[in-house]
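The chain below stands alone and is given in structure tokens; this is the form predicted alone.
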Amino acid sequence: MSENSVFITGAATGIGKALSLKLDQIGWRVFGTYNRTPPDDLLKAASSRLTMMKCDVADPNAILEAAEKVKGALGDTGLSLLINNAAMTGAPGPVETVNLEAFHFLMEVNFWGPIRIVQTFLPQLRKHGNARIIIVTSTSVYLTIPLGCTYPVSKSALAALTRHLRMEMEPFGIQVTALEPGGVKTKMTGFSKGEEVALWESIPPDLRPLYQKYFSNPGDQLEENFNLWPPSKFADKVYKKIIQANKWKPVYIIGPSVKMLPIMHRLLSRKRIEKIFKKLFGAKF
């Protein structure tokens, strides 16, 4: 059995799938989760070491069951790496009319899910003795996306949580970092015509013309203004810059066209940044 082991949530598609394949190919023992998308393609491409299990990160019982499976497989060696990657988009529309039930579920997956995963797997990480945690946030934490607040708000909360977890885990020898992906071509970065229709239909008819007068579909602007890497290239960068590093930085921002975002926030006033985002997302005022 390989000394290196990893538990990755959301491993059937996109970033999670690419990281699972990368680590499997170099000999890691990979435990991945999926929910709605079957992992058939990943299992065909991976070795017999890779184990996939169905796990809804919004379901505490499913997380406990997954942890027991990993514990049974690894025994006393413990888990060496946890990658909190599972996330979803949804709940479109302005703050004024956003569906709070949908927003709540999005927070269950993107924020409360990672907390549950960390709490459940920490005993196995401690047992390993030199374990590490990667929490996948997003470069959207630097953006103000009109009519699309829910995803960046959830990831901003997760980024703040990661800073606290990093400090709290330091005396126990568990390194923690936030991975901020930007410009990776996945299902979450593709914006279909149906999603555009759903955005505008989420706004009540009496308010819809008011918002259409001043705002554009944010999905069009994201695709137009940001280059996209294939997930395999992104996974290679993550392995070289983070997983192979001995001492982790608090945050890693990886992807094309996004490294200027935190720099912009350090150098420019909030008012200037607002103007930039109005232009970037096609605001008409």
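All residue numbers refer to positions in the sequence shown, first residue = 1. As the structure is a computational prediction, the values presented were derived from the model and not from experiment.
There is another form of the same protein, the form predicted in complex with a small molecule; it is not shown, and what comes next is about it.
Stretch 57-65 is the contacting one of 22-30, 57-65, 40-48, 238-246, since its residues have non-hydrogen atoms within 4.5 Å of the small molecule in the predicted complex. Only one of the listed residues (150, 177, 80, 85) places a non-hydrogen atom within 4.5 angstroms of the small molecule in the predicted complex, and that residue is 85. Residue 184 is the only one of 125, 184, 165, 91 with a heavy atom lying within 4.5 Å of the small molecule in the predicted complex. In the predicted complex, the small molecule lies within 4.5 Å of some heavy atom of residue 35. Interface residue remark: residue 203 is not counted as part of the site for the small molecule in the predicted complex, having no heavy atom within 4.5 Å. Contact check for residue 133: no non-hydrogen atom falls within 4.5 Å of the small molecule in the predicted complex. Taking the partner from the other structure, the small molecule in the predicted complex has a heavy atom within 4.5 Å of a heavy atom of residue 109.
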